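To begin, one chain is listed below as C-alpha cells, in the form predicted on its own.
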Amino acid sequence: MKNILFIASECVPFIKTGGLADVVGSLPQCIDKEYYDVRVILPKYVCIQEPMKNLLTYKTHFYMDFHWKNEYVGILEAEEDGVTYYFIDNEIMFDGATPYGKDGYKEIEKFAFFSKAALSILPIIGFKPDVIHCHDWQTGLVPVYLKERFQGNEFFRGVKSVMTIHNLKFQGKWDVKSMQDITGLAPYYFTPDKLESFKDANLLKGGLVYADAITTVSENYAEEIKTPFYGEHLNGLLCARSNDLRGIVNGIDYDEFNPETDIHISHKYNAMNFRKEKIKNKRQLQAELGLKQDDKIFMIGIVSRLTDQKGFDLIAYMMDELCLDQIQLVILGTGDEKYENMFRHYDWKYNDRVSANIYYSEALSHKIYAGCDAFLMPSLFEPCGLSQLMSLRYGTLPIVRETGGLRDTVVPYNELESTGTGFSFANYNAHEMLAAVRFAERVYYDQKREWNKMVDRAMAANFSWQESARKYQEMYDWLTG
C-alpha cells in the first residue's frame, strides 16, 4: 500500500473557485484504494459554507514557528466518499470572503504558512506519505521546505514530491527581501537556479526546481510550456527538467455530466437515441432564452470566463459577420467588462439569435451542453480545458483552437476519412476561427448523416477520471519504484 498526500488550496465539495478544485476533488476518488491510501490537506477558510464546516471534526492543535512568530495551527478532519481530508486552521491567515484575496503580500504569507504547516502536521496525524502531490503556486514551497528543513527529520526521509501545473500564468511572485523574511529560507535559496526569477522570488519556480517530478494537465501543454510564447519566463527551467515533466489530461465526472441522468435537463438522451431526443433540449433552451423557435438552425454555445485567454477578442472581431449566418449563439459567463458589454450589445442588436447570459448558473450550463449543436472555444492558450470534454460527452461538437488540452482531446473532422469529433483551427486568427465555424455549419446543414456520425464518435470518447487516475498511478509507481 502506497501513501499519497495531496496538498492544494481548493477542493470540491469543500471550496471551489475554478478547475483546480474539480481535479483535487475527483482524482483521489478514482485512484485505486486497494493499492493507494490517498489523503488531502486543505486550508480551513473562514468562507467555507456552513454545511461543509459541520462535517469537520477537531483533532488537535499546536504552535509553529513562522515569520518570527509562534502561529496557531489547528488540525481538523473530515471523511467524504472514502477519502480523508485534513484542514489547517488559523483564522487570521484564512479569513476573507473568498479563498484568494487581492493583497499579494498577504497571499504569499498565507500560502507559505499553509505549505509549512501541511508538512508539520504529518508526524502528528501519523501519516507518512510516499509521494506528496502539490498543486499550483500556492503549494510551491512544499518541495522546497521538504528538501530544506524536513529531510533532516527521520520521519520525512525518502518522501518524494510531485508538482502539478494547472496554469503557468499564476506563479506567486514577490520581492526577494520580503520572501526571505516570510519563508525563513536562507539567502542560498534565492539565486537564479533556485527561487529567484527576474529579480523577484517565485514560489512556483521553487516547486518546479525542487520537486522530484512535474506534471501538467495535458500532453500538448507539457510541450507548449517549453517554448517562450507559452512558458511565462519559465520555459528554460521546464526544458532543463523535460525528462521529469509529463502531461496527463484532466478528466470530468462521468456521473455528474451524463445526458442520460442529468437532473438539469428535462429530456434525457444517450448515444442510441440522441437523433430523436437531443433536439427537445434545443427547443426548450430556445423557449427559455427567448430565441426564435427553429429546430433546423445551427446553435452554438459558449460557457466560459469572458477573458482574453479564452479567445474573445477573436469572437469580438467576427461577431457581426458571424451573426449574418444562419446561426444562434448562446453565451453564459462573466469576466472582463468589455466582453460582457459586447455580448449584451449583440443580444440587443440580434435579439432572436443571440442570448447573452452574463452571470453563472450550473443548471443553464448543462442545458447549453445538451441543447446546442456546437460549442465554441477559440482559446489563446488552454492548459487542459474541461468545457470541450463536457460538450463531447453531450454530443455537442466542439469548435476549438489547436492549443494545449484542446488539441489533445478534440480530433478535427476529416471529410475524406470520415473521422473526427469536432472542428479546429491552428493559428490565433479571427478569420481562421470564422472559417472553422463555417466549415461546421456546412457539415451541419449539408451533410447531416456525417454530422450525426461525428456526434456518435464524440459521445463514445472517454475522458473520465478513471483514465487519468491510471496514468497518475503509473507516475507514483515510477517515483517510488
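Start at 1 and count along the sequence shown; that's the residue number. Remember, it's a predicted structure, so these values are computed and weren't measured experimentally.
Below, we refer to the form predicted in complex with adenosine-5'-diphosphate (ADP), which is not included among the displayed structures.
Within 4.5 Å of some heavy atom of adenosine-5'-diphosphate (ADP) in the predicted bound form lies at least one heavy atom of residue 304. adenosine-5'-diphosphate (ADP) is not drawn, but in the predicted bound form it has a heavy atom within 4.5 Å of residue 387. adenosine-5'-diphosphate (ADP) is not shown here, but in the predicted bound form it comes within 4.5 Å of a heavy atom of residue 16.
Contact check for residue 75: every heavy atom lies farther than 4.5 Å from adenosine-5'-diphosphate (ADP) in the predicted bound form.
Listed stretches are 153-161, 330-338, 231-239, 264-272; the contact stretch with adenosine-5'-diphosphate (ADP) in the predicted bound form is 330-338, by a heavy atom cutoff of 4.5 Å.
This chain lacks the partner; the member of 198, 188, 359, 348 within 4.5 angstroms of adenosine-5'-diphosphate (ADP) in the predicted bound form by a non-hydrogen atom is 359. None of 87, 312, 137, 369 but one reaches within 4.5 angstroms of adenosine-5'-diphosphate (ADP) in the predicted bound form through a heavy atom, and that residue is 369.
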